[in-house]
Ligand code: NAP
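Consider the single chain below, provided in structure tokens and representing the form predicted alone.
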């Protein structure tokens, strides 16, 4: 049986073992997937251990995604452009780094009927998740992407790498850009379970056109205050559960080294998550 796992710190909250083992069972693969707590300064040591202990690969969450970029022997185009690795395959002693977050986001976005091609998109936040989102939005043909962040310099740095514009997080600024947007994507942790901070002002949602969509990368809780208010306004909404599932599907395909029945895998993952509720 081939060994897989997810590494991170903390890691006890991760749903990856539940999702991956459900999909592994559905695909009939000879894999076993666990979770390993690995401290931020131990990424390189873990990689050596993974090779020694015969791991086929592993997923990585914070704080390892950036460190793995420099440790991989080869990077996929997405991993290189996003500057983060969330999926590692070990073959013949070589380390192959992938990033399935962006592709998972795009699949979930389209599954929610929020096709970004030709659209104007307001992205909230400028962290690692926003990098993946902005890159894939532009790759998918979004007409205009604006990144709003409290620290404007950080948004400007991100936008300097991609064809996007930066702005601050002030309520009137968000309202101004919302009025011209077809889609809002929240890449901050505002509203996440266990996080005290919330959006101070959601009035910018009232400026969105009636056809606009609001996509929140957060999946716990399933309905954030952002999504609840957007729904009250009659806007199309989606949380980050689909992204979580699809990035896992693509990761498993990398581990298996072949295309799998993606619909069956996603269905198995959703069923496993529903049992937790």
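Note that the structure is predicted; figures quoted are calculated from it, not measured. Numbering follows the first chain given and starts at 1.
This next part talks about the form predicted in complex with the ligand, which is not shown.
Asks: Using heavy atoms and a 4.5 Å cut-off, decide whether 4, 79 and 135 all contact the ligand in the model of the complex.
Replies: No residue of the spot touches the ligand in the model of the complex.
Asks: So which of 60, 244, 38, 227 reaches within 4.5 angstroms of the ligand in the model of the complex, heavy atom to heavy atom?
Replies: The residue in contact is 244.
Asks: Partner absent here, but in the model of the complex, which of 144-152, 69-77, 113-121, 170-178 has residues with a heavy atom within 4.5 Å of the ligand?
Replies: One stretch meets the cut-off, namely 144-152.
Asks: Against the ligand in the model of the complex, would residue 125 count as a contact residue? Criterion: heavy atoms within 4.5 Å.
Replies: Output for residue 125 is yes: heavy atoms within 4.5 Å of the ligand.
Asks: Whether residue 192 contacts the ligand in the model of the complex should be assessed with a 4.5 Å heavy atom distance threshold; does it?
Replies: Yes - in the model of the complex, heavy atoms of residue 192 and the ligand come within 4.5 Å of each other.
Asks: According to a 4.5 angstroms non-hydrogen atom cut-off, is residue 217 in contact with the ligand in the model of the complex?
Replies: Answer yes; at least one heavy atom of residue 217 falls within 4.5 Å of the ligand in the model of the complex.
Asks: Please determine whether residue 130 contacts the ligand in the model of the complex, using a 4.5 Å cut-off between heavy atoms.
Replies: Although the ligand is absent here, residue 130 would touch it in the model of the complex, with heavy atoms inside 4.5 Å.
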